[in-house]
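Let's start with one chain on its own, the form predicted alone, as structure tokens.
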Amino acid sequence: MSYQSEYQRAIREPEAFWQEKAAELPWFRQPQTILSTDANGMQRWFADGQMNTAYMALDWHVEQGRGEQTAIIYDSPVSNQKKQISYASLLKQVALFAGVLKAQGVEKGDRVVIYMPMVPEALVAMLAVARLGAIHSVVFGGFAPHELALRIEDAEPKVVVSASCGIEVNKVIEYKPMLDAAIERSSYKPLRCIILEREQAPVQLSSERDLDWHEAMAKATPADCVPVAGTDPLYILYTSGTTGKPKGVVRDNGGHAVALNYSMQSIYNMQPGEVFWAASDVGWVVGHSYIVYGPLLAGCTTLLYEGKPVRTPDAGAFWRVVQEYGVKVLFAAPTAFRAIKKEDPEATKLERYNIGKLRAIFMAGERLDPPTYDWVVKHTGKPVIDHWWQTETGWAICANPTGIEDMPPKPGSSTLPVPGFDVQVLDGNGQPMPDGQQGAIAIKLPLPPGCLPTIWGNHERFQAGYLRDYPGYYCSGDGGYKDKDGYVFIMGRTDDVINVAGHRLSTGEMEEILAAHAAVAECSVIGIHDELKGQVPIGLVLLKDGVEIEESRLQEELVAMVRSEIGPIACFQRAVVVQRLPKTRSGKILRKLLRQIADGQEYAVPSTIDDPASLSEIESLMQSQGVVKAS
């Protein structure tokens, strides 16, 4: 079947299409009501189906004779540990830990917060919660007590599962003191905390509330799978909100399983038994979808990597893992490859490894700039596939559907809408934009399976944040355009479009131009306030290691490049060399924060920031360069 026929059928006959995809999974009771409306007026998938996600991901594969196949490869350069866990062994551990949770009173619909590093026990905990029909909420390991407390207050978990520490490059981060502080601050108190002790940070269990993971497992009785409805929640995942209060994205069981299983085939072209590596963290949506659930639902081997693309030990880390385990598909954020490129511009570390089994490299999480795309293609010789999705959708909105029909790539584009996503480019009045013209990217309702149906405990916030701007559409908050072939180009968040003397210009387009300079490793372009023109762009650039160039000369060359590619209308006249850019822990540059700093506005340090010190550094630099405006 061609992409076009598959896509058109998903749009024109969505119920028949998704019923077929649902039938590929082992439900306890196959759904007959495929699309219905809930009490909030939202259209929901598979409401009358009975299932259990953990059963689909584990028990069923063991029953089919796949028990001895490796389910999880654990590779941890930061702790010098490697481990492989079979489907049968993983099932045993999950059933036992489900028994631990059940003994603490966890039942269907209860919440469990998981505050863990990248260790196999994190996956065991997630699957054990799902096995009981409960709802997990994974919080990125190492989040500050205040942010953890907010999530505990919102989710009201009966149990918190954590570890004594996480391990970064040459640094151990103790989790237990932060967890204790979060519970102290929270107005809601969990009944129990189950703590996994790691040898890098022995821990004293401080109260009757705390249980030791290993001791509890030794005494546990395995628990069976609890049937849930297709529309029952599987997890809550918090993402940043404009109000400062995190938004709890809800994912249901049925749509989630169907969408991820379909995506493993249609997008990533994975077969049972093959090794899939999402180089992310279980605290992020990529970790939920493609470290834990997607590969296991599809009967693949998933790779759990506790390390970095560089400095564990060097810029060859990714290539070593690909060779050692025969990885078929690698999925990471562009920032990971920019880090590798910065430390190893000529990819000399890659020459030490054989990555012949690697079929494709997928990237998402931020816009894939063409210079990074070109560098990875040039040095790996592998297809590099940009795809676009969000925490809210849980899987790709636009991608190259390599399992259906491998489409020719276009650098800068996330290729085509995935079957099920009716992607439109709209103007300010909600009218479709002509090909090639930028507008707001929106998805016509109903959203396909796997997407969020609400915000935990606050459906009004869901309506206001996603559905109100364009009635009948989900507003993605991203801007871009489609070309004449239907390829989608995401140019950044809609607030990354700047208005220079009445002309709407994309900072993403300018970033492409700056990143093409031979000296530039990474960059960000922001719009700052200007009395005459409203806004003008300024570039913040990070140089490649070992490059020496006078800043004045670099600025002249960058200004000339932007003028040549976009024209004087861009009014690009300033580039500042920085040592690092403030980013979230998932690698996204905090552009809004940079704009606030440049305009002299007050700003709040977000909980997702990777290195808070980068803010003070860049603010001081902007002040010394005369960039920061008077507040």
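If you superpose the two forms and keep the largest set of C-alpha atoms that fall within 1.5 Å, you have the rigid core. Numbering starts at 1 and runs along the sequence shown. For clarity, every value in this text was computed on a predicted model and none was experimentally measured.
What comes next is about the form predicted together with coenzyme A, which does not appear here.
S.K.: Which pick from Ala333, Leu90, Leu196, Val376 sits with a heavy atom within 4.5 Å of coenzyme A in the predicted bound form?
M.R.: None of the other options qualify; the answer is Ala333.
S.K.: Which pick from Lys349, Lys308, Lys328, Lys176 sits with a heavy atom within 4.5 Å of coenzyme A in the predicted bound form?
M.R.: Only one option qualifies, and that one is Lys308.
S.K.: Each of Gly141, Ala279 and Lys533 within 4.5 Å of coenzyme A in the predicted bound form, by any heavy atom, yes or no?
M.R.: Each of the three qualifies.
S.K.: From the candidate stretches 149 to 157, 263 to 271, 283 to 291, 399 to 407, select the single one in contact with coenzyme A in the predicted bound form, where contact means a heavy atom within 4.5 Å.
M.R.: Residues of 283 to 291 come within 4.5 Å of the partner.
S.K.: Does any heavy atom of Lys171 come within 4.5 Å of a heavy atom of coenzyme A in the predicted bound form?
M.R.: Yes, Lys171 is a contact residue.
S.K.: Applying a 4.5 Å heavy atom distance criterion, does Val62 contact coenzyme A in the predicted bound form?
M.R.: It does not: once coenzyme A is placed as it appears in the predicted bound form, Val62 has no heavy atom within 4.5 Å of it.
S.K.: Does Cys475 make contact with coenzyme A in the predicted bound form, using a 4.5 Å heavy atom cut-off?
M.R.: No, Cys475 sits far enough from coenzyme A in the predicted bound form that none of its heavy atoms falls within 4.5 Å.
S.K.: How about Arg563: is it within 4.5 Å of coenzyme A in the predicted bound form, going by heavy atoms?
M.R.: Arg563 belongs to the contact set for coenzyme A.
S.K.: Going through 448 to 465 from first to last, which residues have a non-hydrogen atom within 4.5 Å of coenzyme A in the predicted bound form?
M.R.: Heavy-atom contacts within 4.5 Å come from no residue here.
S.K.: Tell me, please, whether between the shown form and the other one the C-alpha of Gln69 is shifted by 2 Å or more, with the rigid core used for superposition.
M.R.: No: Gln69 shifts by under 2 Å between the shown form and the other one.
S.K.: Rigid core fitted, is the C-alpha displacement of Phe572 between the shown form and the other one 2 Å or more?
M.R.: After core superposition, the C-alpha of Phe572 moves 2 Å or more between the shown form and the other one.
S.K.: Taking the rigid core as reference, does the Cα of Leu467 move 2 Å or more between the shown form and the other one?
M.R.: No, its C-alpha moves less than 2 Å.
S.K.: Assuming the CA distance changes by 3 angstroms or more, are Met433 and Ile566 closer together or farther apart in the predicted bound form compared with the shown structure?
M.R.: Between the C-alphas of Ile566 and Met433, the gap widens in the predicted bound form (3 Å or more compared with this form).
S.K.: If the CA atoms of Pro411 and Ile569 move by 3 Å or more in the predicted bound form, do they move toward each other or away, so closer or farther than here?
M.R.: Farther: Pro411 and Ile569 separate by 3 Å or more in the predicted bound form.
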